Structures are given as structure tokens and as C-alpha cells.
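Just one chain is shown here, as C-alpha cells, and it is the form predicted alone.
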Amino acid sequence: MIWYKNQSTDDDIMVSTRVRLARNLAEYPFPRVISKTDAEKVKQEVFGALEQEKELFVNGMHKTEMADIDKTGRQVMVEKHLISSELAAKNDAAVVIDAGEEASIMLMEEDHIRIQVIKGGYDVKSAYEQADKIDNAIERHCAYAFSEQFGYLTACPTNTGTGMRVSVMMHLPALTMTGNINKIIDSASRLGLAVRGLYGEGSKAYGSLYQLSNQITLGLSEMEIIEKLENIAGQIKKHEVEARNALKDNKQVADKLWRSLGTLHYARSISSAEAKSLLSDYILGRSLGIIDETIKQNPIELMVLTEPANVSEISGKADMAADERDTRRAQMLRDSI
């Protein structure tokens, strides 16, 4: 099920879980130095492998060449976290996405293959199991670049070993509001984990959304990486709950959260960053029992669908100006509230 539609009303802290595996085929150079001819061969080999393993994709799969879609279409997939911005920028790249938009196989990004499974909520082991099945299926037909000493060989040394990155997207508005988020980021870093913004490295934590992920892939097994991430994520969730409890009777906080809901109801122009901030405030208000109003659409889904490219796609107008998108976004939010 599409991750941003599969949100638990009982847990608004753990937003999504993602497992990504980096793999390369043994007989071809890495993407940074590969020829166009060999890049095409890599894609066709992986396409062929997936065609022979169709049972992995119960509802079907969609193969898309980046060269066949426009800038808006590519950005829509980035905003939905189906592909990376690096893949979107490459004309010789491609992606295979299952119909439920949980699994995507990116081809010719930094590595030949990036297998990704993303699920709504907190479901690390299930996401890993699904990614591992896809990985094993491809390996039945393709020879991976692998070293007995170092593990899976990747374009970036930081991915060598398991080639696995596990991340949990967490909604941490109370830690952000109380100014304690930097302590959390520093503590996680000392424990070998990274805390980044909504779109990973170099991005900002719009809407108080943060991605917690492992930094080490060499020297640890897949289950050790998962267990470590689960332990730290659980501790961060505990701190967020404590921070929320400290805000429950704060009248200034209550006023801010109600004002945000009022803006969602009546504003005529809203930027994508502001939309995520307002929706984050609504989620926090509901969690604290301050706001008793229920909106029509899931707020996390609204955060995704009101991103710039998604607004343009929904409006059927790829060349929308920023101010026009802001007006349309505000209308979408009013209609959904």
C-alpha cells in the first residue's frame, strides 16, 4: 500500500520506514564511468531478471525510462520518495515501481541497482524482508560485484559491505519546538546514525519530519543494523512523547496550534514549506488533545500531495508559476480540511 496513505492514527511519530540496498553487476564499470552502451545492457539485464520474477509484484510493475518523462513527472516521483533526486537528474536512468508504490528498483543512479522498499508507519523488518526477496530474485539472474573480504562493492565506499541503508522518517514537532532536536541529532551521530531532513542528506526538516538512518554498512550484519536503528528510534520516540507531555498545558502552544488550523481553513496562498508546518501543528494539536477537529484527509498524505510538482500534476498544468501553485495549494488544503 502507498506509504503516505497507510498511516496509523495511533502513532503519528513513526511516519514511514525505508530499506535501500545498493548493488552493482560484476562485469560492468560503475555508473560514473560506464559507457552508454554498457548502461543500456545493465538496464536490460535487470529488466529481464524482473520479468522472470513477476510473482514478486502481485499487482504488476511499471518500467519507466527517465528520458521518457518530463521534469515535472520526475519530480513527482521524488516528492513521493519513489526515486532519488540523483536518479531524476539522469536521462540514461530508469526505474521499476510496483503498482502499490512500496517497492522501486532504481537503475543507473550512483550504483547500477538501488532496491528500495518504503512502508507507511514503523515496519523495519517487513520492509527488509521485501527488499531482500527482490534482491535475491535479481541475483538469481545477474552476477553481483561482491568481495568475500568487503561484501557488496559499491560506487561510494560508505555503502560497501551490506550495501544497506535503513531509515525511519519520524515526526518530531515537540522536540523541534522545545529546541531539543539538536541534542537528539548529536547523540544519534555519536552512535553511528544520521538524522537528516525530509529528502535526506542536505535537506531541511520541513514539517518537523526527520530521517533517522544508519551510517555504517561495513562490519555489521543486516540484522545488527536493523536492531541498532530500532533501538535508537525507540529512544527518540520516547523523548518526543516526553516533550509532548510537557507542552500539554502550555497556552501559548495551544494558541499557535489553533492559529495554524485557522490558516489551513482560510488562507488563500500557502507555500509548500508552510503547508507542512501547518499540517505538523495540526498533528501535534490532535496528539495533545488540544484540537478536537478531524480533517477529511490524512495530513501526511496532504504534505506529499501539496508538494510543488504534485500540485502541478493534480492541476494538470506543468508550467505553473510559484505564486499560482501557492494559490492552488491553499485551495487544495481548504477543500481537504
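Numbers for residues come from their place in the sequence shown, where the first is 1. Predicted, not measured: the structure shown is a model, and the values here were computed from it.
Note that the form predicted in complex with another copy of the chain isn't included here; everything after this is about it.
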Does Ser269 make contact with another copy of the chain in the predicted bound form, using a 4.5 Å heavy atom cut-off?
yes
Would Ser187 show up as a contact with another copy of the chain in the predicted bound form if we use heavy atoms at 4.5 Å?
no
Please run the contact check for Glu53 against another copy of the chain in the predicted bound form: heavy atoms, 4.5 angstroms, yes or no?
no
With heavy atoms only and a cut-off of 4.5 Å, decide whether Lys125 touches another copy of the chain in the predicted bound form.
no
Exactly one of Gly192, Gly179, Gly262, Pro157 has a non-hydrogen atom within 4.5 Å of another copy of the chain in the predicted bound form; which residue is it?
Gly262
Identify, from the list Glu45, Glu274, Glu301, Asp38, the residue with a heavy atom within 4.5 Å of another copy of the chain in the predicted bound form.
Glu274
Could you tell me which stretch in 216-224, 114-122, 101-109, 249-257 has residues with non-hydrogen atoms within 4.5 Å of another copy of the chain in the predicted bound form?
249-257
If you apply a 4.5 angstroms heavy atom cut-off, which residues in 296-327 are near another copy of the chain in the predicted bound form?
Thr327
